[in-house]
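Two forms of the same protein chain are encoded below as structure tokens; each is given separately, as structure 1 and structure 2.
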Structure 1
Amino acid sequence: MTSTDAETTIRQLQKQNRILAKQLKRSEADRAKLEDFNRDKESILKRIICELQESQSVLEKKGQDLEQTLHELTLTQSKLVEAEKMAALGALVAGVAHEINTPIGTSITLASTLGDETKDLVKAMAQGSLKRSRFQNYLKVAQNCAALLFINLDRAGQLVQSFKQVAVDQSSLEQRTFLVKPYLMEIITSLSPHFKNTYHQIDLVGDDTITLNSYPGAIAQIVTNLVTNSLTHAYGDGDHGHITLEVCAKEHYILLRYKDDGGGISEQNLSKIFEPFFTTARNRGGTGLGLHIIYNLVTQNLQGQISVSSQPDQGTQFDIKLPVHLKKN
């Protein structure tokens, strides 16, 4: 090794030495900093844990409060539903009174006409001036009046009957678990007299094993009303109608789908068909209560939902969703 080589080596070693000494000092200082940092971190995290525990108990309390509020809201809601029902019933009674007024009013007029005619006849008889032609005329009027009285009072009677149906007497409905499709088959069979002398056909499809725990009586009433409607409103004389009733189980409910391929319902009428007294067949004895009754049965007694879709000449379809189990009231 030459002396300059040695000098370079020494210089390099001296440099290394300087660097190492400096780094040692620096890392001591940095270590102290890091220790402080970690001490602070520990203390912060402990605090945060305390805060989290506090906010957890605050949240728990809030959760309880919310539950209480929810409970109160549910109570208020059911009270409101009751109030709404009462209001609807009030409107219904007013409607029924109005409907019944017409046949009763007519009957009163007819009765008084008959009374007046009879009084005149008795007077003429007492005076001995009763002619045969006059007597025959009286008999014609009396027959007419009696016939009209019968029609009008019968109409009033029918209205009262329908009204009784609207306010379905819940206690008369029996709740049980039943196989849906076989039960629907029974209803269809009982409706067969209505299909006599028509070319219409009704099909029932779906899984035979589906069961429901519900009010079978209400379902019978619904299906009967739907079929009657199709027969009265959907088809004309001589039509070959085709009605299908389908039952299928969905994830959380049972779907009843009723479909006819008749004349359908105009958009304007479609929004009103569930309203009480809406009918396009008043002159043929319709009262407009059928679908209203169906609506009440589905949404209240059966705790389900009903929807309709229809277009003129495209038939009408009703979808009824029913819960598999009823909630207890």
Structure 2
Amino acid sequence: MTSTDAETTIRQLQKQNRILAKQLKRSEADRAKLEDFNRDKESILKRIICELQESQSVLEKKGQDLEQTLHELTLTQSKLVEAEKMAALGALVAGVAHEINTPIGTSITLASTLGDETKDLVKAMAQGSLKRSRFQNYLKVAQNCAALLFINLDRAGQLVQSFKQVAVDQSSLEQRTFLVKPYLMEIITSLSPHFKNTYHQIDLVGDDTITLNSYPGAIAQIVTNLVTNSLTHAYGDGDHGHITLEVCAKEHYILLRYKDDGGGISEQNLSKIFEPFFTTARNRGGTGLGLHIIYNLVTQNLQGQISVSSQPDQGTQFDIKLPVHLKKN
């Protein structure tokens, strides 16, 4: 190799070294940038993780608060539903008590009249002034008083018997076997005070021999709430309403069909009527729990189904299907 070739080779090597040095420098700069980026990324990740942990703690706290709130709302709703049931039972008690006052008051008046007539008769006998016409008049009064006493006391007895069975069933909700239609008649009798000062009438149709082993108290609450709902929402003052309650036996279930000919329910409200606290009569004291209670009683206690159909000014119909045999829980 000549000196010229050696110099050329050296220059080439020097050039390559300069290139490699520049590349190494750039690599070092890139490595430094990468390290800075990684440090920034790690810092960002740590900050994100901290923020996520803080957010998770906040969400867990909110979740606990929401769970507690939901629990309190559930308890409050349960208490309100129970209060609504007791209010309905209280209204039943007040109505029956008021209704019993009439035959009892009449009976007291008749007994007082009969007592006064008897005193006069005894006095006349003691004085020896008793005449045949006076005695015959006394017998006529006594006979009339006895007949009216029997009618009024029998009416009071019927009310007490109906109320006693319905009230006991509503408060205990015990399962037993019973004749459906006669029991529904007892419920209607206990509700008669609600119709006393109205033009409404309620008819019961169906087979007297249909028997059901279920919770009669739940059925009493359902019918009571349905009637109350109709009187509150379906009719106005002075309306002549007609309510029909029908019971019939199917293959595997019993159908209770409740129908009124009142104002009906609008389409936008029909899908909401079983929701708790939904009411269109809040200004008249409505709580929005009556139909919600009915829905729960039918679907849970009685293991049945309930459906509703209605149109404005065409009345409302509730179909309640109850299984002949309840499933054991």
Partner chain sequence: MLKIAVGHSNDPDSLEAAQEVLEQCNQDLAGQAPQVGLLLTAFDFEHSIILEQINATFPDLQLIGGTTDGELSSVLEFQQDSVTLMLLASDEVEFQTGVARHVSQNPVELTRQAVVNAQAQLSSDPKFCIAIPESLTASGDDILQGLQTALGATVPILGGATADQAEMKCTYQFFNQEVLQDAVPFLLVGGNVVFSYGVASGWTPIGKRSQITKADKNTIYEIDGKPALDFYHYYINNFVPSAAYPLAVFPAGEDRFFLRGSLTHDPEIGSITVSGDIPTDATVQITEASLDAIISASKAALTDALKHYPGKQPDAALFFSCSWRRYILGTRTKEEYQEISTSLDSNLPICGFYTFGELAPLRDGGPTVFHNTTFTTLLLGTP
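The structure displayed is predicted, hence computed values, not measured ones. For the two forms, the rigid core is made up of the largest set of C-alpha atoms that agree within 1.5 Å on superposition. Numbering runs along the sequence of structure 1, starting at 1.
Asker: Only one of the two shown forms is the form predicted alone, so please name it by number.
Answerer: Only structure 2 fits here, because that chain is the form predicted alone.
Asker: Using a superposition on the rigid core, decide whether the Cα position of residue 191 changes by 2 angstroms or more between structures 1 and 2.
Answerer: No.
Asker: Does residue 139 move its CA by 2 angstroms or more between structures 1 and 2 when the core is aligned?
Answerer: True for residue 139: a C-alpha shift of 2 Å or more.
Asker: With both forms fit on the core, is the shift of the CA atom of residue 182 between structures 1 and 2 2 Å or larger?
Answerer: Residue 182 C-alpha, core-superposed: shift of less than 2 Å.
Asker: When the rigid core is overlaid, by how much has the CA of residue 11 moved between structures 1 and 2, in Å to one decimal?
Answerer: Superposing on the rigid core gives a C-alpha shift of 120.6 Å for residue 11.
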